[in-house]
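Next up is one chain by itself, shown in structure tokens, the form predicted on its own.
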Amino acid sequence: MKHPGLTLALTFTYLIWLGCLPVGQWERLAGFALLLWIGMLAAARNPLRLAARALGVTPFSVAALPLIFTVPGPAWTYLAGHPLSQPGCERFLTILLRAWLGAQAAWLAVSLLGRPRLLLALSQLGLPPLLLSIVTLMMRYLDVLHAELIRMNRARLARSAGDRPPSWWWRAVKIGQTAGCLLVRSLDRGDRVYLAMKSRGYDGRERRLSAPARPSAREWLLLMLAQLAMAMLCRPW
């Protein structure tokens, strides 16, 4: 799918349908995974690479780990004398797999669109101009802040040479100081950038040299077929 807006809309709807799945429906989760991996192969993306990259979000699902102890129900097994609830384990595994599949869908959308087309997709989906300007500036100046952080670290290392490596406490203090200095510098840099943009006629509106292309009938058909397939997976059996 080449149209940025429809690509992002398909990603959002995939996440919504995925969140509507009942707990413990492993066959339906496998169906959603199959749909996603078919989309990856159609987009010439490596499913194994995206699946491995999406594992980075799984540690955040540990917040749902207490469910295996707190949800009432029959015990599935015992861990150090504590019963593991079968409904709690089903909920936790469902949350874990949803997060993993959702991260894969997000990585696929980002790899297909990239930064410029991602902003165009948000504009086509009707994001308010103020929010679009905030997201645009944030994405464009992350590289500037990253380069500033690299220069600060290089300067710190040049001033902290010694015979022995510094202690962990010294490192922790310096990391906190670096974060504070980076915040102050980013605020100062933001003021200078805004004044420079205002002097060049910036009024908060996004301007493009050419109008974006309209989606084709084939892309609309693919979007509708994908929605139908996900609705069939989520329907009550």
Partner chain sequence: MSLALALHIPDGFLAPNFCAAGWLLAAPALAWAAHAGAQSPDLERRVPTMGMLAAFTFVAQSLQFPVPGGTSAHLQGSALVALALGPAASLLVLTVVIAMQALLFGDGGLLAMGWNVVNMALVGAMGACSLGWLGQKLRLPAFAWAFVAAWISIELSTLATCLELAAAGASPLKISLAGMLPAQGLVGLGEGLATAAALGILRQRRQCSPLSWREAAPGWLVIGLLLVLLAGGLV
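In this text, rigid core is short for the largest set of C-alphas that superpose within 1.5 Å between two forms. Since this is a predicted model, take the numbers as computed values, not measurements. Positions refer to the first chain, counted from 1.
The form predicted in complex with its partner chain is left out here; the points below concern that form.
*Asks:* Indicate whether residue 91 is a 4.5 Å heavy atom neighbour of its partner chain in the model of the complex.
*Replies:* Looking in the model of the complex, residue contacts with its partner chain include residue 91, since a heavy atom lies within 4.5 Å.
*Asks:* Can you tell me if residue 134 lies within 4.5 angstroms of its partner chain in the model of the complex, counting non-hydrogen atoms only?
*Replies:* Output for residue 134 is yes: heavy atoms within 4.5 Å of its partner chain.
*Asks:* Does residue 12 reach its partner chain in the model of the complex, with heavy atoms at most 4.5 Å apart?
*Replies:* Yes, residue 12 sits close enough to its partner chain in the model of the complex that at least one of its heavy atoms falls within 4.5 Å.
*Asks:* Would residue 198 show up as a contact with its partner chain in the model of the complex if we use heavy atoms at 4.5 Å?
*Replies:* Although its partner chain is absent here, residue 198 would touch it in the model of the complex, with heavy atoms inside 4.5 Å.
*Asks:* Where, within 130 to 152, is there a heavy atom within 4.5 Å of its partner chain in the model of the complex? Residue list please.
*Replies:* In sequence order, 130, 131, 133, 134, 135, 137, 138, 139, 141, 142, 145, 146, 149 come within 4.5 Å of the partner.
*Asks:* Is the C-alpha displacement of residue 194 equal to or greater than 2 Å between the shown form and the other one once the rigid core has been superposed?
*Replies:* The answer is yes, as the C-alpha of residue 194 shifts between the shown form and the other one by 2 Å or more after core alignment.
*Asks:* Quick one: once the rigid core is lined up, does residue 185 have its C-alpha move by 2 Å or more between the shown form and the other one?
*Replies:* Yes, residue 185 moves 2 Å or more.
*Asks:* Return yes or no for residue 174: a CA shift of at least 2 Å between the shown form and the other one, with the rigid core superposed?
*Replies:* Indeed, residue 174 is displaced by 2 Å or more.
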